[in-house]
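The chain below stands alone, shown as structure tokens; this is the form predicted on its own.
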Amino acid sequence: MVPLQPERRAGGSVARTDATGRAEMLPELLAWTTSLEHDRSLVREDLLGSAAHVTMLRAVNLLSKVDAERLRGALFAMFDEATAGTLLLADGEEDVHMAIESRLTRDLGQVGQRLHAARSRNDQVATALRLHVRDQAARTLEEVARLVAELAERATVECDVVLPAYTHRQRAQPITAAFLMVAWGTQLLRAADCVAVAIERADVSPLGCGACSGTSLPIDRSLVSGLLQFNGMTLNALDTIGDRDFTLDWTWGGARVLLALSRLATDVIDFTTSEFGFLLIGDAIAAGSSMMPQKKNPDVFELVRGKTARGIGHVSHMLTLVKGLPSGYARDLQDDRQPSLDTGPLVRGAVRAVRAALPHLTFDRERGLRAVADGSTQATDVAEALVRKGIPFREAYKATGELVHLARQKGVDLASVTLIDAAIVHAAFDQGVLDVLDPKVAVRAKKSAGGTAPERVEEQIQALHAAADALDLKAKRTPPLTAIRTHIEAHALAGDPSR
């Protein structure tokens, strides 16, 4: 969407002049205190909240049908302009809410002044912010669902690619590339759950709570909630107008997605180095060096990891912002805009970058297999093979350790130890036990739930597909802003026909 354009105009602002009847605020202080630069991004949400409010004011006979029609028509026209990126708003206001009202008053005269009955900027901004968070979180959830599904699809292709898993940054046991990709997808699912929580927390309507205690006018909050397709209404007006917990949940969910992507990115960055060499990076996503012509750098994944810092900063920003605030609204809360508005584009940008880059990564099958071919990462499998023969685990563990020591003394790989030498270490060693030193055999043997056996990995892949479908469904249950506009417009402007 094209950014909204500022419109210069003469005269005082609605909030500081028309509303108070006093001289306009000092220009330098008005410029410093305004949130308009940031919250222009909330203009469509605010227009929808106003359109629903107008519809309700007509239903309870606080607006005539003629005035309601003019107001709602003007609000929808502005929404369409905002969607097209052509909406002009005055830049002399404190925030986007007053800029919209100023535009309506300029275009409709006294009719525009009727819009703000039975609401405060406090519940107005809370409504716009909840609509924004709900929409952005749903769109983000869709992107994460697509990435999880794509990881599951890629895992199906990489089921026979063997490489080592790592613990303590040391080679641990053999796994498959499919198993690794399922691990990436599973981390993203946990993060997506946090995003889904943010959607639920934002999905209640605050409009009608007023400045802090509701209103004496005969409004219908439930009507507004239904028009905006919220799942319900907030409970307490004082709590509502000072509540930014849903934004905390949103920034936390966004940071969690970035953290999962950061860990995925680190695996990719490591595995594309010459020291690991398990992944080959395609030219389409590789970045070069300005000085070293041999370099193919994984800059995309380094930037994904780097942007995680910004997401974490948004969580810290929100936690610090609300710490110690009293009940009710305080202007401190205006500083929620940057983390609230930046989280969606930041997270979706990182997800899309990973989605675009993954098809250009290729596993080096031979190098991955060589990394586990010496048998050292299968030592646990040897011990477990002895356990299956009835040897107590601690005895089996000790015998396997002695076998490892013997291989080192002889200067050979564990996989090269002969059956004769193994039998000297412990009588229970036989060819069946030594066969598990084959990494492919070791991978197939892990049949426990969540293990590396092909049938278990296939179960995990199907679970990822199912979870991705469920995430996508959750996202699609949240109506986009354009659908809410259609929903409000379809609602007749009912009320006392004599007015």
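As the structure is a prediction and not an experimental result, all values here were calculated from the model. Just count from 1 along the sequence shown to find any residue number.
What comes next is about the form predicted in complex with a small molecule, which does not appear here.
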Checklist outcome for this item: With a 4.5 Å heavy atom cut-off to the small molecule in the predicted bound form, the contacting stretch among 269-277, 116-124, 174-182, 222-230 is 116-124
Checklist entry - D249: heavy atom within 4.5 Å of the small molecule in the predicted bound form? => result no
Checklist entry - At the 4.5 Å heavy atom threshold, is Q460 in contact with the small molecule in the predicted bound form? => result no
Next on the checklist: Can you work out whether F79 and the small molecule are in contact in the predicted bound form, taking contact to mean some heavy atom pair no more than 4.5 Å apart?
Outcome noted: no
Checklist entry - Is R337 close to the small molecule in the predicted bound form, meaning a heavy atom pair under 4.5 Å apart or at it? => result yes
Checklist entry - Though the small molecule is not shown, can you say which of D95, E101, D381, E143 has a heavy atom within 4.5 Å of it in the predicted bound form? => result D95
Item to check | Among the candidates T452, S35, T55, S41, the residue which, in the predicted bound form, approaches the small molecule to within 4.5 Å (heavy atoms) | outcome: S35
